[in-house]
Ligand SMILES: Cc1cc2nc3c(=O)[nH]c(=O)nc-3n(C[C@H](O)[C@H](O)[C@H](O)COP(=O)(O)OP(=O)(O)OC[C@H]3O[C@@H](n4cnc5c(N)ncnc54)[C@H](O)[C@@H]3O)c2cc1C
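In the block that follows, a single chain appears as structure tokens, in the form predicted alone.
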């Protein structure tokens, strides 16, 4: 192959990317066809196709520019006359992409209960470009809009919600969620930011600092803060909404600095100090933490899992196409068995994640429209944490494999999107709770609630819908063992301390396999189970495991 031949092959690979990645996604469309019907499916099909084309034509080239270091967000504390503004400026390309994202309706649909499938589809498609500077603002705005619609008083809801669900990018307001404090991190109960009631009995003044504030340019802030005299820990936290500006001036806050992050670089994340910011409570103060977790954080966990699934889909598209066009030793590299195994691993993992996160989307849809059963709510409580935990980790692994397929080219920022996807995927892993925090949440839930009964009911019913053969029976037996290990974790603290993350890994992969099996995607399910083998029957005693781990860490 000559120089010209090689460059022509690379050009063909670039041109191979679909102009409409929604119509190209057979798995996604088949899930929607099984889940929706009638006018709702027809409308979503049209909306998603229009947005997918805008993603390729508008968002992708814009993101390629404003994600580069020379074009990242900049903090502007003052205007040209020395007035304090606390604004963030963006490259014009950022707003071009924002117009396309907001006009899709991904955020505006929050005004209507039960539009989770639509929002999930659009967010998943957007994530083919990674976070792209707008997936987080859209997610945070959706979470705040849901909190206002479900939990706020009519007066607070009507004051703040309409601007959030405006479909016009230029006039719509963006939402943000500020929970993390430097001393607390995931330990939100250690937060010290205070909310002091005003004499009007309706508003509060918030004072304190927030350490990790993504969407630092937002127009409305969702803030957790402690009310003096309340109980310690998370029970003493209220949920509030604070507008960015009051009477044309910053509402009692200063932006200390913007974060220099590994990924999601087009997104403005910062540190913010509040000094008497005017805020309104979202629902009763004593229910504040419940609102923060069950509505706002769970919405973000669901959408972060969707984003991770979208990142995986893009990595698979890039890698499989590259392997078809790239030749080595006289043949396309996709013909080598070792390469085919990598591509199969990536594909099965990506498709499994897609099916799992859309099972979660079905629960989100019913919960948001108020038609969910008690079992739905219990199962959602498990799945929203388990899916985010599992899929975000799978995404990092799949993108890394995609980079391996492209070889050295895969590490070049302007050669493909994969370096940006890899950086974003790693950031996604930490958003809305680290892996240990999410695993601990699941473990705590299964100890207090009949969560595992709901998990067993949903997954076994999925297997009941599948063809019954020897392989499906083996999957059923493996699921029974995993559920048994999970129940042991609920009863044995020592066992759980060392093994629960492995048990949760197993349950998550089995859930993906069950949904694939129920959809008739047996090949994908079988391969997914093969690359994630069942744990051995013999489990090391906790003392032996602890001794080995301690020795290893001490040695390094």
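Numbering follows the first chain given and starts at 1. Just so it is clear, the model here is predicted, and its values are computed rather than measured.
Keep in mind that the form predicted together with the ligand is missing from the display, and what follows is about it.
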(request) Check each of 122, 384, 145, 427 and return the one that places a heavy atom within 4.5 angstroms of the ligand in the predicted bound form. (result) 427
(message) To verify the annotation, which of these, 76, 436, 335, 371, has a non-hydrogen atom within 4.5 Å of the ligand in the predicted bound form?
(response) 436
(message) I have 203, 240 and 279 flagged as a candidate spot, so tell me whether each of them has a non-hydrogen atom within 4.5 Å of the ligand in the predicted bound form.
(response) no
(message) Contact with the ligand in the predicted bound form for residue 294, defined as at least one heavy atom pair within 4.5 Å: yes or no?
(response) no
(request) Answer with yes or no whether residue 261 is in contact with the ligand in the predicted bound form, where contact means some heavy atom within 4.5 Å. (result) yes
(message) If we define contact as a non-hydrogen atom of the residue within 4.5 angstroms of the partner, is residue 214 a contact of the ligand in the predicted bound form?
(response) yes
(request) Flag residue 178 as yes or no: does it have a non-hydrogen atom within 4.5 angstroms of any non-hydrogen atom of the ligand in the predicted bound form? (result) yes
(message) The chain here is shown without the ligand. Which stretch in 161 to 169, 180 to 188, 447 to 455, 103 to 111 comes within 4.5 angstroms of it in the predicted bound form, by heavy atom distance?
(response) 180 to 188
